[in-house]
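Okay, so we've got a single protein chain in two different forms coming up as C-alpha cells, structure 1 first and structure 2 after it.
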Structure 1
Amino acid sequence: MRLCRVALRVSEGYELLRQVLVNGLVPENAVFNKLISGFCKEKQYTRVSELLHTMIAKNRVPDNYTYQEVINWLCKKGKGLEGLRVFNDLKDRGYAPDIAMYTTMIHGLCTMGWLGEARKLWFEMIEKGFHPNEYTYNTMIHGFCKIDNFEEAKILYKEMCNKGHKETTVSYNTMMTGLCLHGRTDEAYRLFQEMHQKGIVRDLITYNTIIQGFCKEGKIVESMNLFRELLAQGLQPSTYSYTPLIQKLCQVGAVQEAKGLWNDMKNIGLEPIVGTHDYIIIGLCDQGDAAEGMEWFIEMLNSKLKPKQETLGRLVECLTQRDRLDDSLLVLEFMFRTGYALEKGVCHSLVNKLCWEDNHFVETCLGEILEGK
C-alpha cells in the first residue's frame, strides 16, 4: 500500500516536471534529485537515465547529491557492481567524489562483502585528503563485523575514538549487530550494559538487536525481559521486536504465548511479516493442533499470503495424523497448484494413512490431484 502511494507520488512529480519543462521553466537540482532518488527506489532506471540526460540538456549539472543517491540505491537494490561502475566512471571523467559519496560507495561494497575493494577506497579517500568521520568509521566497522573480522573492527573503533569521534548509539549498535550475527551474543550484551554505564542512549535498534541475538541462542527468558524493558523505557516496539520472540516461542512449544504477542502486535497496528504466520502454524502442528493450524492456513490464503513449503508439508502431516483427510487434500491441492514438492516424510505419512484406512475415496482424489486434474 505504502509503496504504491510513493510510486504514485513519484510519477505524479514526474508528470509535473514535464509540464513545467514544456512551459519553458527549469526547476532547481533538488527537484531532479528527488525524482531521481524516487525512481531509483522503484528500480525505474530508464526514467533515471532520462532525467539525468534532461538535467544535462537543461544546464542543471548533476551534483554530489544526484550521484550519491543513484549509487546509494543501486547498492541497496542489489546492483552494487553497477553502483561501483557509476562511481568509477565519475572519477574517470574527472569528477571528484566528496566524503559522503566515498562513504556511500564504501558502504555498498561492505554490504556486498567486498571488503578489499572497500578498504582500497578507504585509503584512496584518505590520500585525497578526506579524513574518515563518524559515518565513514561506522561504515567500515560494520563491514569488518559483517565478515567476522572483529580484530580489525576493534582497531578501527579505537582509532575512531582516538581521533576524537564520540561513541554513539550507532557505533554501539554496529558492533553489537556484528557480534550477534556471529553468535557472540554475550559480548554484545556486555556492550549493551556498557552503554548504560556510559550514558549512551539505547534505542529501538539496540533492543531489537539483542532480543534477536538472545532468541537465536534460545535464551527466550532473557529476550522477553529485554522486550519488557524496551516497553518500560517507553519505546514503541516494531515488527522486528516481535518477530524473533514469536518465532522462538513457537519453536519451544509456547504457542499460546506467541499468539499473545501476535495479538499485542496487531493491536498496536503492526503487521507481522509472512514468516511469522509460518512459525505459528508449525508451532500449532508441533503440539498436534491440526484444526487451528488449518484455520491459520486459510487465514493466510484469505490475506493472499503464501506459506512456505515446509510449513504446508508439516500441516499435511499433522492433518493426516488427526484423520482430517479432506483438509489434507485441500492443502495438498494448494501445494501442487503453487508448484511445491511433497517431501518424502510427508508422502510417507500420507500413504501410510491411506493404506491403513483403505480409503478409496481419498485415494481417488489424491490420484486426481497428482495427475493435475
Structure 2
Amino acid sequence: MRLCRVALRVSEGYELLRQVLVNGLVPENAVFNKLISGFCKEKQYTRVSELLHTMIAKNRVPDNYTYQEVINWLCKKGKGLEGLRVFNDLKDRGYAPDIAMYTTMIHGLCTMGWLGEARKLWFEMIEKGFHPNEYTYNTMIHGFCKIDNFEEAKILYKEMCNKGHKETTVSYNTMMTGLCLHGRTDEAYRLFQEMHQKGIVRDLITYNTIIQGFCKEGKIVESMNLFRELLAQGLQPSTYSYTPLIQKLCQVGAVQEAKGLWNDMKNIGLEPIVGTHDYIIIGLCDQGDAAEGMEWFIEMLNSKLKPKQETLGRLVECLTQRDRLDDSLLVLEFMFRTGYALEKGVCHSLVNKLCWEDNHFVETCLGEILEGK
C-alpha cells in the first residue's frame, strides 16, 4: 500500500494512516517517511515523534532516510543537542550512518557554530571510510568562515580542489559569504572577479552577498553598480537584493532613490520586509519630512505592521520639531500601547512645545495617553 503516492495533505494522510492501522494493516516505511518529512516541514515535532514510535511498535524499523529527515529538522529548529543525541543513539543501536546523514549532522552543527563537535564527526566519518563530498566540504568551510577562521577554511578549500572537486558557484559563494560576514568585502570582491575570469557562473546569491557586503561598508556606488549588473545579466532580483540598498540610500539621505527601488520591488511582486518601512520613515525624518513620515507610519498600521521603537521615537521628534503636535501625540499613544518608551530628550521637547500651546490641552492629552497605557 503506497499512501505516499496519493495527493493528500499531510494531516489527511496522517488520518488515513490511523484508519489503516486500526484495520490491522501496516504500510511500508515509505509511507511513514513521507508523513515524517511532511510534518517536519510543518514543524509538528509531536507528530514526528509519534510516527517514529509507531514505526518501532509495528516492527517497521526506521531507516537512515527517516532519521536523516528528523535530524535535519531538529538542527534547523536550533535543537542541535537533540539532533546529536538522536544521531549518537542511532550508532549505539547498531545503525551505520551514511555520508548523507553525516553531512546533515555536520551541517546542523556548523550552522549553530559548534565547530568542535562538527570536526569530531568529520574525522569519525573519514575513519569509517566515507570521503567528504563537495557539499560536506562546503559545509565545514562555511562553519570555519562563520567563526572567522579563514586559514582553516582555505586549507579545506584547497584540499577539496585537490581531491578532484571542481570550484563551483556554491563553493565561491560559501567563501564570499564568510568574508563579507566579517567585513572583508574587498577580499570577497576579488573572488567575485575571479569567478568571471574562470568562467564560473555568478548567481543571485553571489550578487546579493557582495551587494550586502558593500552596503555594510557604506560603498553605495559600488553596490548600485553591482545591482545594475545583476539586472543586465538577466537575473531576477530578490527582496534581499533591494533591502540593503534601500537601507543605505536612506542613511545617506537619498530617500527618493530608495523609494524608487521600493516601487520597483513592489512592481515585480516582491514584498518588502518589515524593517524596510522603518528605514524609509527614519530617512524621511532625517530630511525633516514629517508629513510623509507620518503617511508611511499610517500605512504600516493599516498593513498591521509594527514599527521599531527607534523609528517611532525619531518620528515623534520630527513631528514635534515641525509643530505637528496632534500627530506627535498620536504616535506617542501608539508607543505607550505597544510598550515602547520615549527618550527623555524627545519627551521634554514634546512637553515644552505643548506647553507653549495650552496648559489645559497638554494636561488633558497627556492624561488620556497615560491612562490608556
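One-based numbering along structure 1's sequence throughout. Quick caveat: nothing in here was measured; it's all calculated off a predicted structure. Only the largest set of C-alpha atoms that superpose within 1.5 Å between the two forms is called the rigid core.
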(message) Structure 1 or structure 2: which matches the form predicted on its own?
(response) 2
(request) Could you check whether Thr168 and Asp289 sit in one rigid part, given that the chain shifts as two rigid parts between structure 1 and structure 2? (result) yes
(request) Please report, as a whole number of degrees, the rotation of the smaller rigid part relative to the larger part between structure 1 and structure 2. (result) 15
(request) Quote the shift of the Cα of Leu35 between structure 1 and structure 2 to one decimal place in Å, the two forms being superposed on the rigid core. (result) 2.6
(request) Would you mind giving the Cα movement of Leu25 between structure 1 and structure 2 in Å, after fitting on the rigid core? (result) 5.8
